[in-house]
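Just the one chain here, laid out as structure tokens, in the form predicted alone.
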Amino acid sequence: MPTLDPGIGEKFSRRTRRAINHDGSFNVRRRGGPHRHDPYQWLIQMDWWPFIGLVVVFFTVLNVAFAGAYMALGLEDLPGVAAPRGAVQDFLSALFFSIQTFTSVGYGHVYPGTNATGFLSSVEALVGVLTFALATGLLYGRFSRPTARIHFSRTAIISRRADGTPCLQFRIANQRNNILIDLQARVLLKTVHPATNDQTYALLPLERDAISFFPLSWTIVHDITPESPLHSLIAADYERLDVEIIIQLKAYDDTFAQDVHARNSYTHDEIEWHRRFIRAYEVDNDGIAVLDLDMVHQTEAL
């Protein structure tokens, strides 16, 4: 079986952690170079709740800062503000005027009364326009970015066919209701030399490496024949060689009209032996097939 380097590296001074995490990210940390951080990529790829929280915090901090500037100039420069009613209420009046200016609402009952407050409110209006343009672009980028939500089984298994041939299996399903077509799978075996810590890769031929449609689950199978790099290996060998099964998926998403990709891997301690998957779908009373995503992970003893 020919070996290859998929771009993850072969020569290392010590053992590394798993090559690919369950979220598809690689265990590589960069340092040095002229530019290390890309705010756009960070904002596009972060989870939704942290992103929304960051937008709210940024909006609040800017308006509090401008409200403080209006307070420093004096609320008497903002005709329409009620007579002083205490520090807290005065600050809230300045804050609400700041929010109205920042969002270009401008109710009209409060307005800049001097050149200083007029200049400050003009700067704030410009900052508000730029901020909302940036937030709108980020929201569009996050919504329009094509992604795949592939549901991988928590573990891979070493099973056995009816004729006694051992096989490596794992199962996937689509978490979304969208249509994925022409789904292709590529599976690599990564092993680590116990003495040198060099990493070796081999392509694992699959029983079926592509399917036309993906409405149900798909059990991906590699037969461990005498030609397989996994042939004659036992569980202790998997641990000794630090085996990792690396998966790359590619499909055409009918919603985005683009190709989408997904990655995952299983380390030696995420492989169950002498198990088989329990069927993850059944037919309902109305004749419709029902896929249970929770059952994608379920196995039983052979």
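Don't overthink the numbering: it's just position in the shown sequence, from 1. None of the values given here were measured: they were computed from a predicted structure. Think of the rigid core as the biggest set of C-alphas that the two forms share within 1.5 Å after superposition.
Keep in mind that the form predicted together with a further copy of the same chain is missing from the display, and what follows is about it.
(message) I need to confirm a contact call. Of 194, 205, 118, 74, which residue comes within 4.5 Å of a further copy of the same chain in the predicted complex, counting heavy atoms only?
(response) None of the others qualify; the residue that does is 118.
(message) Please tell me whether any heavy atom belonging to residue 15 falls inside 4.5 Å of a heavy atom of a further copy of the same chain, as the geometry stands in the predicted complex.
(response) Within the cut-off, so yes.
(request) Using a 4.5 Å heavy atom cut-off, state whether residue 276 contacts a further copy of the same chain in the predicted complex. (result) No - in the predicted complex, heavy atoms of residue 276 and a further copy of the same chain never come within 4.5 Å of each other.
(message) Taking any heavy atom pair closer than or equal to 4.5 Å as contact, tell me whether residue 174 reaches a further copy of the same chain in the predicted complex.
(response) Although a further copy of the same chain is absent here, residue 174 would touch it in the predicted complex, with heavy atoms inside 4.5 Å.
(request) Answer for residue 89 alone: is it within 4.5 Å of a further copy of the same chain in the predicted complex, judged on heavy atom distances? (result) Contact check for residue 89: yes, within 4.5 Å of a further copy of the same chain in the predicted complex.
(message) Need the contact residues for 132-149: heavy atom within 4.5 Å of a further copy of the same chain in the predicted complex, sequence order, or none if there are none.
(response) Read in sequence order, the residues that approach a further copy of the same chain (within 4.5 Å, in the predicted complex) are 132, 133, 134, 135, 136, 137, 139, 140, 141, 143, 144, 145, 146, 149.
(message) Rigid core superposed, CA of residue 57 - does it shift 2 Å or more between this form and the one not shown?
(response) Yes, the C-alpha position differs by at least 2 Å between this form and the one not shown.
(request) Would you say whether residue 153 is displaced between this form and the one not shown, judging by a C-alpha shift of 2 Å or more on the superposed rigid core? (result) False for residue 153: its C-alpha shift is below 2 Å.
(request) Answer yes if the CA of residue 90 moves 2 Å or more between this form and the one not shown after aligning the rigid core, and no otherwise. (result) Shift at residue 90: 2 Å or more after core fit.
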